[in-house]
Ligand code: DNO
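In the form predicted on its own, a lone chain appears below as structure tokens.
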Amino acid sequence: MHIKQLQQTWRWFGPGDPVSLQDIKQAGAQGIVTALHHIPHGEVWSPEEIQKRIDELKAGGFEWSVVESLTVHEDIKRRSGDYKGYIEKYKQSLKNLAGAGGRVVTYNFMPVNDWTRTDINYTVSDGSKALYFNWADMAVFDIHILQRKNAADDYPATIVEKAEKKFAAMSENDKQLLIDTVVFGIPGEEKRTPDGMRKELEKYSDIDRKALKENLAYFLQEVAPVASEYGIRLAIHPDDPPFDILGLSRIVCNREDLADIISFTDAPANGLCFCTGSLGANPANELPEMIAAFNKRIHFAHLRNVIRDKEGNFFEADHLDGDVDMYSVIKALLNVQQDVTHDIPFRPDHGHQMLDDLNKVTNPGYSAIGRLRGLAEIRGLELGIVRSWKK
């Protein structure tokens, strides 16, 4: 009885990544997840730049398994400005990637800010460092630092009160650290400033949840047929965190949202990146059931765990120790893998800064040893499930 396993991959941010391809080889990954972060958002990825990255990976003994991310320009998300021109550029990048053998392309539709945390050095019980999201700290940034109009109306009174007390006790260094954390973004890409973020948020003042979903539908109806024609599987990443923040609607948060996205076009390319950390931060999401429901539309998986509290704050836990039932998740993903002919890649998403990495400069969430531990745990869990099935 042959049981096909998931493809084990690792995110790499390019030649400037503190984690080398040799490190990744020793961690046991089979493929690389990367992007051309040096190319400005919305511009075409040329065949020459794509080939350069492929050659870099081949020199390290790897293939480019997943593109993460081919970023969607803000004009497309707002359906304003030169959005049609940026969609054409996106299509061209897809064609160029297909010509170089690209098969899975991940993207997100989060307005203005990508993944957002309020602490990137949260100390957990064993002394390692994790990523953390706290609503009171978010309110401090939003209400008192960013000073977004009517921001306090978006938070419960208890959180507003906590934020006021926290802000009053913060030093200038504390405030700057919070700013740097919230606007951190993706390693290797341009950093935002509060002023820049304020201006971008204003551009979304008239775009509600319904309008943003319509804009995503328009984008997918334009690009998914092209991706399908060229054999590329698109994988939208859930919003992180899966809640409205900074007055912005988040539209990739739960089962209903994912069902809507799949309904926007029946092009085979239209699919999901199933992130157990992003979706797991919402206690209403039943992850194994969602995997079974969306099945063949899951084109990629991010595997990480979170521990939530009663206020909705969460930190990223060890991969097998948190509110996400990783055993049931892996089992459900393996079931999907048996139903498709192509590989379903996964990567250990984020990881604690631990051991020797505590004394090194690392990308938050992307240090080597924490992800190595996560990959090892997931590989062991997967192998145990596969062996039990064979028996």
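Predicted, not measured: the structure shown is a model, and the values here were computed from it. The first residue of the shown sequence is 1; numbering continues from there.
There is another form of the same protein, the form predicted together with the named molecule; it is not shown, and what comes next is about it.
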property	result
Residue contact check: residue 350 to the named molecule in the predicted bound form, 4.5 Å heavy atom	yes
Partner contact for residue 215 in the predicted bound form: the named molecule, 4.5 angstroms, heavy atom	no
Contact flag, residue 129 vs the named molecule in the predicted bound form, heavy atom cut 4.5 Å	no
Non-hydrogen atom contact residue 98 with the named molecule in the predicted bound form at 4.5 angstroms	no
Position in contact with the named molecule when the complex is considered in the predicted bound form, options 186, 292, 307, 248, heavy atoms within 4.5 Å	186
Proximity to the named molecule in the predicted bound form, single hit among 362, 69, 65, 337 (heavy atom within 4.5 Å)	69
Which of 135-143, 81-89, 191-199, 107-115 sits within 4.5 Å of the named molecule in the predicted bound form, heavy atom basis	107-115
Members of 42-65 lying within 4.5 angstroms of the named molecule, judged by heavy atom, in the predicted bound form	none
